[in-house]
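Below you will find one chain, with nothing else, as structure tokens; this is the form predicted alone, and questions on how it binds or moves follow later.
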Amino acid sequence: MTLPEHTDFLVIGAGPAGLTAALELCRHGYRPLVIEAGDTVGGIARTENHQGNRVDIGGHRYYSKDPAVTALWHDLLPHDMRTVRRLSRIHYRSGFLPYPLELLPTLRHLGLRESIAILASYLGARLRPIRPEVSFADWVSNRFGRRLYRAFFQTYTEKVWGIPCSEIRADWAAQRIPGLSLTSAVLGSLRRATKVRTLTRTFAYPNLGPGQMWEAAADRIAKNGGQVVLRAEAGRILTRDGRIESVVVKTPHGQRTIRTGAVLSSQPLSALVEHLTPSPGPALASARALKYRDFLIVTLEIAREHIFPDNWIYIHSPEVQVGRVQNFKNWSAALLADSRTTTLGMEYFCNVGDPLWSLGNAELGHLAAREAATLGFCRADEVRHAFVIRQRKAYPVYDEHYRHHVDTLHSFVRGFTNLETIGRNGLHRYNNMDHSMLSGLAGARRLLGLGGDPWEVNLERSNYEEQVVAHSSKPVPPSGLPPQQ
């Protein structure tokens, strides 16, 4: 596909945020150009295909509190969405616990002595809370007690993020675990609470994985005169007098400088600022200080028709490195090439360059097969083959300095009159897919002069992890586990 010399709107990144922004621009009669460095659309919400087995990069549920988001999903895929019953558990001490944690099954699993110690620790936290409440460790310990924090929050969270919980900010916990405490869980278990929070029990899902949605979005953009160009990476971004004038786009066939009226960027804030020409000076230091967590998934095709009923399982067991395991057949059987098999996505959280990331694909396949056997999911000799997908900058890290750097960069990019940053990495915000979409919609509308601000999109408005139900008989103490995308 030939790149134009000029476009009214250039969208960097063909993930949920970028494609939603482009759809909104099309709705107002514009023909945006979307460039994507990868070879498929969807960003981290893409679907990879290996020998007929489709892989969801991290697990993407389609559920939102926002009716506009839900309407768009069903408009794009009116006949290809299935309803999936949610089931996820925690693997801990060679057994399984429900997720979210339920009080009585959890206490039975831990035993009387440990249960008493947890309740005593909780009472101590209520009497002598940590002040000021700065870190993730402080936030969780104040609400659940130090002992429960160590048992169910610390190990897994540090496995995911690769840094001590004392270095993760409390606002990450407040964002991801809103409005829940051990008190409400105990009251709920005794059926004395009038309302408790729970997670949604079902969600919609495209038959062929999340990428099917974004392939449909790209087709819609093309039908409306826009372009979605793959293997096209943003390079230098040329600026003058507080405006983006042009962007150098690199492709396998060379590079082209494209003049543009406005830019919507869902690439990482750090990359955006690095690309600006002339150099942004002080803002560059904040861009380079932002941290990200990388991710890889080893998908195993296993010669078993059934393994476990969950969509995914969180792995707290310290004897293995895997953090979470997806069972793709339980998302949609159409993801599998052979219905007589099962594909497990063994998810590992790491950083580019560390020993795990640096392993070869064959070594990672052997590691994942051994760990699946250690966890009791299969025998190592039942693994037919394995394939590896690596995802850089999957999760923005909320370390002790991130807020200062993000605020600095927010103020800096606001100095450009024709630039909006959108999406998870464009805002450096660990959000869900529907929130990314809403930020793309807000960014497009802001550039069109219709109001809205992607930086002000309300997380609670789009957060689908919980809902309030009256008189529930199911207690739901949460865990500090990062949820699905």
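We number the residues from 1 along the sequence you see. The model shown is predicted, which means the values in this text are computed figures rather than measured ones.
Same protein, other form: the form predicted in complex with a small molecule, not shown, and the subject of what follows.
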**Prompt:** Quick one: does residue 14 come within 4.5 Å of the small molecule in the predicted complex, counting heavy atoms only?
**Reply:** yes
**Message:** Whether residue 59 contacts the small molecule in the predicted complex should be assessed with a 4.5 Å heavy atom distance threshold; does it?
**Reply:** yes
**Asked** So in the predicted complex, does any heavy atom of residue 423 sit within 4.5 Å of the small molecule?
**Response** yes
**Prompt:** Would residue 232 sit within 4.5 Å of the small molecule in the predicted complex, counting heavy atoms only?
**Reply:** yes
**Heavy atom of each of 157, 160 and 359 within 4.5 Å of the small molecule in the predicted complex** = no
**the small molecule: the contacting residue among 341, 267, 260, 332 in the predicted complex [heavy atom, 4.5 Å]** = 267
**Prompt:** Using a 4.5 Å cut on heavy atoms, which of 69, 44, 55, 419 is close to the small molecule in the predicted complex?
**Reply:** 44
**Complete:** Testing 389-397, 127-135, 90-98, 113-121 against the small molecule in the predicted complex with a 4.5 Å heavy atom criterion leaves exactly one stretch, namely 389-397
